[in-house]
Structure formats: C-alpha cells, structure tokens
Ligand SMILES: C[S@@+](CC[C@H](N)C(=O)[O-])C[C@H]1O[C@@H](n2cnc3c(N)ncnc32)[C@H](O)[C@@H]1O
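Here's a solo chain for you in structure tokens, the form predicted on its own.
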C-alpha cells in the first residue's frame, strides 16, 4: 500500500488541525443499488441525485474549501454511468480518489477506474456471503481477481462482522493474503429504521464467540497478515465500548446524493446543502456540529474511529495507517 506523500500529509494536517476543516469529501454519488441487503437502509428510498454539472460545481467548491480526497460511495457507485468523469474531475483538482462498492459490477466497469486511487469492496464472508448479500461468493471473487492487478494500490476487502460470518473471518483473512489484497473489519452497526427481526438474526448477540473472533483477528495481524485495522481499534471493538473522541467533523464532509451536507452516517442530520456553498454551510452549522458530537454515544465505523484516533495523535494508529 502506498503511503501518502509528505506534501499530502502536510496538506491534511493544515486542513484538519489548523483550519479545523475536513480533508475528505465522502459523497453518496447515487441513491440506487443492485442489491437489497436486509441490514442496509440506503437502498430502500432512492431519491434525487445531483447532475454531473452540479457535482463538478461541488468539487470546485470542495477544492476551494481545502478538500484533498474524494470518496464515492453508497448506494452503489458503479451504477452511475458518468462515474469516470466524476473521478477524472476530482483528480484534476488534485484530490486522492477512492470508491466503496459491493463489487457486483466491477468486471463490467473495469475500464472506468483509471482515475481511481483506492478501491474498497464489501466482502462479508465466504460460506455465508450468499446468505448475507444474496449472490454467489464466486461472482465477487471473480470480479476482484479481474480488477485487483489493474489498480495503483492494493485492493481492500472490507468485512462487516455480524452473527452470520463469525465462522468465516479466519478464512477471509487467509484469502486476503493468498490473493495479495488488504482486509479490514468493523462490527455491524444496527441502524434505526431496520426491522428488529433483522437485528435479531444478524446482530452480534453471542459476545463470547464474537470476542474470540476478534482475538483471532488480533493474533493474525500480529503474525503479519494484511489486516489494516490498528490494534487499538481491534481491542476497542472487542469490547464494543467507545474509547475515542469523535472528530468526524474535522475529518470527513458527508454529502448525500441530492447534495445535502450531513453531520455523519449515524445522525444523518442535515447541516445544509452544497448549493448554498460548502464554506457557508460549514460556518453556519458549527454549533449544530458541536451539539451532535457531544450527545453522540459513539459508533465503530472504522473510517471514523481510526481517523479520529489518528487526529488525536495515537502513535500506534499513526504507525500502521494505510487507508483514508
């Protein structure tokens, strides 16, 4: 995995710690999906999406604001036909580009990723994958094998740990090493709005088995397997107890498909809209951001937690930092 250059690191530090502004724009580039996972709320209410010109204007504004990285995600970015133009425009602004996908369309769109720096594919199991995601595991693995060697940096498989895949975790880690990709883990977040029977079926309820699984992840990381999570994070999620100060507002600017700027993936509370100007929304919502952060009980999204720990200069996290 390529480390960030000193120039990019300096830009990020200046933006986040001096200007107190986020460095990453996390953009829900569309509102549609080609899967219907029971534990996900995003695909259930597809809505308006910004036009390509609107996205270009947002990227111009984000660049002026100091954003240095563009992450395209939810609901399924590869369904957006003009994705290559969006990635190319972000790159033209000097931004690092990343993409989070379920992987179903990777082979079909392999030639549309020329301007992509980092690719993350959701892979939640081996034997359990079809039950969790609804399609055969071989389809996703075929896509990963087709695309991984065409990327600038190693591909990342991200696994959301649930009651369904505890027996698959060690196999997934072994697979990541065998095919020369990275892997990350985070526990399932039980979003409001999803039926209780879904959480009863998928939620982490057998804590003893779950903690034994996390212990094995920690052991395998220490043995040199390609796990990008820090030991600090892994020990935290083992107990499912918040052990960090959230700095999401100084790290990531969350923008929905219709241009709404939200506080974070947990609260989903609108701070304004990109059409009103990012800097204007940012300044006008400072009190709202502070209030939401202070009352938050915390989450375990690894992007939020690991970056918050790095923001607080946790040395173990900084030493092993490999992902946006």
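Quick caveat: nothing in here was measured; it's all calculated off a predicted structure. Positions refer to the first chain, counted from 1.
Below: the form predicted together with this ligand, not depicted.
Though this ligand is absent from this view, in the predicted complex it lies within 4.5 Å of a heavy atom of just one residue from 232, 74, 153, 163, which is 74. The listed set 158, 250, 126, 213 contains one residue whose heavy atoms approach this ligand in the predicted complex to within 4.5 Å, identified as 158. Taking non-hydrogen atoms only, residue 97 never approaches this ligand to within 4.5 angstroms in the predicted complex. Of the heavy atoms in residue 220, none are within 4.5 Å of this ligand in the predicted complex.
A residue is said to contact a partner when one of its heavy atoms sits within 4.5 Å of a partner heavy atom; residue 65 fails this definition for this ligand in the predicted complex, lying far away. For residue 301, a non-hydrogen atom is located within 4.5 Å of this ligand in the predicted complex, even though that partner is not displayed. Annotated contact segment (heavy atom within 4.5 Å of this ligand in the predicted complex): 39 to 47, selected among 276 to 284, 39 to 47, 253 to 261, 52 to 60. For the stretch 89 to 107, the set of residues having any non-hydrogen atom within 4.5 angstroms of this ligand in the predicted complex comprises 100, 101, 102, in sequence order.
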